[in-house]
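The form predicted on its own is given below as one chain in structure tokens.
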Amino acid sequence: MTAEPDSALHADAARPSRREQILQAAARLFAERGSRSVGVDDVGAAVGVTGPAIYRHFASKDAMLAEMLLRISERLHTGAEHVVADAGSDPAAQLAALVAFQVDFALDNPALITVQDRDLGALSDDDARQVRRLQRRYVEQWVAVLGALHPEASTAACRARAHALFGLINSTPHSAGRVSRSAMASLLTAMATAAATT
């Protein structure tokens, strides 16, 4: 079964809270128009409440963006920890688990992928530092696995490879929908695995 789009913002995807519904609507609007072009009233209209009612949940539109990007960065980091641990000690199995995890995340959260890529610069300095710290920790999880697969490669080369893999997998907002989700997942998995192992 396909997850609700951009469900990474939900603690329970089947029963999102009002706060999570607001974040999901904001993610879609930010992805469509850019965070700077969306107002609090726009987000309120998307979830069927007045703009001022949003302020019961968020102090500002910037607070929505910050929570959105912090949540997904934390979810990626903790999710990677779990899938690597579950894969055991074999680096090839760990890589397969990381690729599957990132592919699922990208296909299930296209708006968040777009917002993270485009609107990170709109965060306050403090919020941006927190997001970047979590993102670096996520990258280093990949670097450790890639380093085990390519012991001859430098850490810098493994890091560059990880970023290239993210670029490949996170292209989904531009390509998803042209083929079925399962076909897209298979294609991305095969391409990412080949790029990671050659």
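One-based numbering along the sequence shown. Everything quoted here is computed from the prediction, not taken from an experiment.
Just so you know, the form predicted in complex with the DNA exists too; it's not on screen, but the next bit is about it.
You can rule out all but one of 152-160, 166-174, 55-63, 133-141: in the predicted complex, only 55-63 has residues with a heavy atom within 4.5 Å of the DNA. Of the heavy atoms in Leu146, none are within 4.5 Å of the DNA in the predicted complex.
The closest non-hydrogen atom of Val38 lies within 4.5 Å of the DNA in the predicted complex.
Contact annotation for Ala46: none of its heavy atoms lies within 4.5 Å of the DNA in the predicted complex.
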